[in-house]
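Quick setup: one chain, the form predicted alone, written in structure tokens, and binding and motion questions come after.
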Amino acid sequence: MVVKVYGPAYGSSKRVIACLIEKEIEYEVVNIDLFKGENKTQEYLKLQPFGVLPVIQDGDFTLYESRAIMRYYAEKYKSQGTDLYGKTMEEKGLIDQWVEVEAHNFQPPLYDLVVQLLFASKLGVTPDQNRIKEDEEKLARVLDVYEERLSKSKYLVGDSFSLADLSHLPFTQYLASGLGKEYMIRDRKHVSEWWDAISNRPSWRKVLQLYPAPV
């Protein structure tokens, strides 16, 4: 059964697609345009009652929240493709830890920067310079923690690429190339080396080629 992924142009959906490519899982995409409100239709809300992306349909099984979807496929197809979820309970615990760090510490200020600096005009939002400054300061503190962690290993959990790293790809891509703030990566030696390693994976290059960002 081919997996359906909704909303491939957007960041969180790209996280899922990169995971599916790494795991060698067949998929097809269903385009959803947030700016046209296609995520608020009754049909879509039956799949995702909060009206956000992504959603996957795997036969009769429907799942939303990108990080939950990644874990699901990394576990379901553990012996297929790239091992993304660790070989021991300790490795799994650390991977989950860093996925949570990404969700609660890394993405929130970066997501707000993306909204303020890239999507403001489409969303009818006036950029708030004080908020932008605050977001940048928050993100800088988080990246300092990453710099220390990555001084000890190539990836966030040891020397193997995992969901912990993959989860960072969509929004760090904006930081590296769309916001004019790539110095936040390049001024940190180990973060810079880590970003080069994960962003040059064939799976991520393919995602960027197939599904360009909406802005």
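From 1 onward, residues are counted along the sequence shown. What you are looking at is a predicted structure, and each value in this text was computed from that prediction instead of being measured.
Missing here is the form predicted together with another copy of the chain; even so, the following discussion is about that form.
Residues with any non-hydrogen atom within 4.5 angstroms of another copy of the chain in the predicted complex fall in just one of 183-191, 28-36, 64-72, 158-166: 64-72.
Every member of the trio Q97, H104 and V145 reaches another copy of the chain in the predicted complex with some non-hydrogen atom inside 4.5 Å.
Within this chain, V125 is remote from the site of another copy of the chain in the predicted complex, having no heavy atom within 4.5 Å. Contact annotation for G59: none of its heavy atoms lies within 4.5 Å of another copy of the chain in the predicted complex.
Contact annotation: E137 falls outside 4.5 Å of another copy of the chain in the predicted complex, judged by heavy atom distances. Contact check for K76: a non-hydrogen atom falls within 4.5 Å of another copy of the chain in the predicted complex.
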